[in-house]
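Before any questions on binding or motion, here is one chain by itself as structure tokens, the form predicted alone.
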Amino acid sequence: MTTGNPHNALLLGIDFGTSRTAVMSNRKFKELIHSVVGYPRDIIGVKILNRTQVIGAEALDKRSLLELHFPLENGVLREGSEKELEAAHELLRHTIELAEPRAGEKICGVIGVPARASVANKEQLLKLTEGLMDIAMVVSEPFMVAYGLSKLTNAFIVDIGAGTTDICAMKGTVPSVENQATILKGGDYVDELLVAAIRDAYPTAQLDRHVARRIKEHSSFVGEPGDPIIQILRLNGRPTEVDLTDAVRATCETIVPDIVEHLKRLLLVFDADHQAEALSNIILAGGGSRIRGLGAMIGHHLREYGDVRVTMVADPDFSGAQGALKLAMELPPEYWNQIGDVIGTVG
């Protein structure tokens, strides 16, 4: 396929995620940003920061000074709050500015959304790009991953993000609604359960979901444990070693049954002659793909269907953005409306 950039435009692939936003450009730029915008709580915060907003990792680091806004929930824009929409606009603007667009050039972006995102939410996200991009398209996140890997037929993509887990059955065409599933359980769901499990085991533990997320991202697993997960938490203010092995395993395993059930259901969309090949091409993507033992556990639960092979993408942080950029570079923007929902023109 020939390259699709006749307009000498800045092409962007963006995975606009609940927890993190990944962006890549046709000028070899890539960046991963925490999807959070912080506003100072009062004049003291403004004085200390010398700014009226902070975006990304710095906002999390300085959260005691800030009101944090996570503009995406379950992988889509939060509804009903002008402040959240303002935060989403600022996050997207910041993401684009990081790619250093040149004066006067067209900006064309492909943005990932959950597989079953509503028409209204897609429209809302596209409206957010007005004034920031000349043309923007939203497409299914697992489809972006599949496109980047050239896994376009007889394959499953299981994209485990912070807000959702998206599953897509790739059959050699742009996937329809019937060939995809969105599960409202992802990394954030596991974080909330982990906080509750730790507090049940250690009632005086001082922690929040940011601390739980760090523990999960460092030590997550399902199935048989390796070494015990020993962490130092403050219990009534005193640093104390605690064993979190059981809590981490139990909470991580909560996402497995839904994934398995949807894989079983979506297996039936393939012709019988192609189901064995699809089962040998189950690909885990997104941050949750790093959970140790997850592929083996999914394969175990599907063993009655035949030989199962579950693999993981090489770069979970950027596999979605990479696929989006590849799509933007290979398909001229004037044809984007054949693939997804589009706003704007480059004419």
Ligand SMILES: Nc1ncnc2c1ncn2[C@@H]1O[C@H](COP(=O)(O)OP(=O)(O)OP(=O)(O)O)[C@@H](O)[C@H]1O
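Values in this document were obtained by computation on a predicted structure and should not be read as measured data. Position 1 is the first residue in the sequence shown; the rest follow in order.
Just so it is clear, the following notes concern the form predicted together with the ligand, a form of the same protein that is not shown.
The stretch that touches the ligand in the predicted complex, counting heavy atoms within 4.5 Å, is 155-163, out of 155-163, 257-265, 126-134, 99-107. Shown without its partner, this chain lists H89, R249, K122, R213 as candidates; in the predicted complex, only R213 has a non-hydrogen atom within 4.5 angstroms of the ligand. Within 4.5 Å of some heavy atom of the ligand in the predicted complex lies at least one heavy atom of R20. Within this chain, R290 lines the site of the ligand in the predicted complex, having a heavy atom no more than 4.5 Å away. Under a 4.5 angstroms non-hydrogen atom cutoff, the ligand in the predicted complex has S220 among its neighbouring residues. Residues of 166-195 lying near the ligand in the predicted complex, listed in sequence order, are G187, D188, the criterion being any heavy atom within 4.5 Å.
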